[in-house]
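Listed next as structure tokens is one chain, alone, in the form predicted alone.
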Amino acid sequence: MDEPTHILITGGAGFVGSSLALAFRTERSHATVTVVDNLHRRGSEKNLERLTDAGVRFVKGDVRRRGALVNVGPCDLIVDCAAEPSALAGVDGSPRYAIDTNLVGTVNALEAARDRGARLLFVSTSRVYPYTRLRVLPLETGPCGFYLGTPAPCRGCSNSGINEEFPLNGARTLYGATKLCSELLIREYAEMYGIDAVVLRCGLIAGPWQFGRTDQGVVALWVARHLFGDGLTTIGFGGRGDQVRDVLHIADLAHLVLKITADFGVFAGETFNVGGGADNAVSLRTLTEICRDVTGRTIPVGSDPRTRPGDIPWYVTDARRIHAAADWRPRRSVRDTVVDVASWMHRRRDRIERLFS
């Protein structure tokens, strides 16, 4: 076991970064935890009080800048969570913020790891898998939305989901492209400079303290609209809400990260798909039903049949490699996640409702 004693988290005021920082402080009280964030994403400033209360050191900085990680103190583990996570990034404007944050930011994290001899845990995304390939899978429609027909149409795809062998050639959105480029650079730094690194290709993550919006954070958005009274629209693939994703509770991700970082050498050099898996796959239509049941509210749900750039009809994480490697499985269901999000929103309604309007 080789647990870290000085942990640096980029994007550490965001949903994933702040949740991991707090998990480290709870389970590794001997370790110092520093988070760096530019507070660009709306709602991230809401995490500062709970980070400070837990003894996490906050440094306002922008990972796009070369010197942002120079004077943040010692570290033996860097967790790179900084990202512009929208699949629509660059569609209606400049791509520079997404490219500079997601790719240049990772270069700066790698340089910081090289300078300090630190290990790197990179939070990547399932969006590295091309939507152009996911859209041509032989999907069928059932009462719970899309599902994969048989036989499996290609390498890396089965009824268990998409695994790490799924083909990577094809368009994947700027978000996905920058994350894949970062993965490639991480591999080169590992080979050239001996940096120990682990890449986690995460699917849809949800839980309390996620300030979801229409292009990212769908579970939080769906719960918020039910609680706070605004309507929703199911977009793309006929507008029926048949598209399916699997959901991973943030606490289950934190549990996995703690296991990996406690014995980093065992996992170094590997790339893993991480998600809720087939047992936690849900369509937008079914998610709406769960939200209605949990909140006791019914809201209008509109329909827009137009499919946007980057939209995918079906993605389920096949996480069997990480299940075996880490002896880890998600403990919380989709309904558990919705209940936790709804409870958090209800308790803090006065402080957060406007962020979802």
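We number the residues from 1 along the sequence you see. Just so it is clear, the structure is predicted and the values come from calculations on it, not from any experiment.
Beyond what is shown, the protein has a form predicted together with a small molecule; the following relates to that form.
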Looking at the partner-bound form in the predicted bound form, is G203 within 4.5 Å of the small molecule by any heavy atom? yes
Quick one: does K179 come within 4.5 Å of the small molecule in the predicted bound form, counting heavy atoms only? yes
Would N38 count as a contact of the small molecule in the predicted bound form, using a 4.5 angstroms cut-off between non-hydrogen atoms? yes
Is V16 close enough to touch the small molecule in the predicted bound form, meaning at least one heavy atom pair within 4.5 Å? yes
Thinking of the small molecule in the predicted bound form, which stretch from 280 to 288, 225 to 233, 81 to 89, 142 to 150 has heavy atoms inside 4.5 Å of it? 81 to 89
Quick one: G11, V63 and Y175 and the small molecule in the predicted bound form, is every residue within 4.5 Å by at least one heavy atom? yes
Exactly one of T261, N273, T101, Q243 comes within 4.5 Å of the small molecule in the predicted bound form through a heavy atom, and that residue is T101
Report the residue, out of A197, V123, L110, C157, that has at least one non-hydrogen atom within 4.5 angstroms of the small molecule in the predicted bound form. V123
